[in-house]
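The chain below stands alone, shown as structure tokens; this is the form predicted on its own.
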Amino acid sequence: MLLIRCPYCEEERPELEFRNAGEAHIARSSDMAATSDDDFEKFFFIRSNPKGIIYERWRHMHGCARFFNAVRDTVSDRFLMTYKAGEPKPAKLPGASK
């Protein structure tokens, strides 16, 4: 079982307490009503799915219920770090060489 660190509760908890909420740091339109159907489809349905490091939103459903962001390696399924929602994408990952 994976352990995921909630940056709000400041502890690691079993993955069963969490739910994935999709890709993090998505730019949302300030006027969705003016967005074309093609652009809305790209925004709502089309996501990158790279092999390697990804940035995701997660929610601690059975804990504080807050959203947060996580950096995860899709190859090893290892969480490299978590950080609070609203914080910028990390410039440097833990353990990364200079």
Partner chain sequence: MIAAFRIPGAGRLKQAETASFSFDGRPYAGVEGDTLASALLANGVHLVGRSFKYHRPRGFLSAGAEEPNALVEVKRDAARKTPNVRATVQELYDGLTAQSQNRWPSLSFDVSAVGDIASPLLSAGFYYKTFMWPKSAWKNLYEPKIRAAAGLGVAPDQPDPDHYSARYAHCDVLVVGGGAAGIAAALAAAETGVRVILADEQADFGGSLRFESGARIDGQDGFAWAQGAVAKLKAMDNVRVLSRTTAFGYYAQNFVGLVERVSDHLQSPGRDLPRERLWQVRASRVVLATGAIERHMVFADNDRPGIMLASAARTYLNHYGVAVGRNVGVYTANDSAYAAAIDLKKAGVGVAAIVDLRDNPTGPVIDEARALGIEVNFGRAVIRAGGKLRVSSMTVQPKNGGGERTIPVDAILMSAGWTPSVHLFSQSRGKVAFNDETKRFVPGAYAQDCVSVGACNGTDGLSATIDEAYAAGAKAAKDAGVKNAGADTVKGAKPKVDASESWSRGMLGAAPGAGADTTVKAFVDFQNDVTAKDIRQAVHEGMRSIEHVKRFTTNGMATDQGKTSNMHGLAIAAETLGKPIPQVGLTTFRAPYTPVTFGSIVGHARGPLFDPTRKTAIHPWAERQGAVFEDVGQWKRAWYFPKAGEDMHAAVDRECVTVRKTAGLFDASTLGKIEVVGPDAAKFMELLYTNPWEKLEPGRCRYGIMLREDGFIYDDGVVGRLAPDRFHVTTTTGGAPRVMNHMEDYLQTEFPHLNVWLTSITEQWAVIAVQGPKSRDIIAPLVEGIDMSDDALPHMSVREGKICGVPTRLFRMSFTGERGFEVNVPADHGQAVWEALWAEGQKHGACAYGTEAMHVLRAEKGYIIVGQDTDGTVTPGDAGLDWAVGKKKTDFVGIRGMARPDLVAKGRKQLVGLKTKDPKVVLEEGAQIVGDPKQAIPMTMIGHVTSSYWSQNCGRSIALALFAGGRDRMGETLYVPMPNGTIEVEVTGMVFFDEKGERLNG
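Everything quoted here is computed from the prediction, not taken from an experiment. Throughout, rigid core stands for the largest set of C-alpha atoms superposing within 1.5 Å between the two forms. Numbering follows the first chain given and starts at 1.
The following text describes the form predicted together with the partner chain, which does not appear among the structures shown.
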item	value
Heavy atom of A91 within 4.5 Å of the partner chain in the predicted complex	no
Touches the partner chain in the predicted complex: Y55 (any heavy atom, 4.5 Å)	no
Contact of R28 with the partner chain in the predicted complex (heavy atom, 4.5 Å)	yes
Contact of M81 with the partner chain in the predicted complex (heavy atom, 4.5 Å)	no
The partner chain in the predicted complex - contacting residues of 35 to 69, heavy atom within 4.5 Å	T35, S36, D37, F40, F43, F44, F45, R57, R59, M61, A65, R66, F67
Large Cα move at H62 between this form and the one not shown, threshold 2 Å, rigid core	no
Rigid core superposition, S36 Cα moves 2 angstroms or more between this form and the one not shown	yes
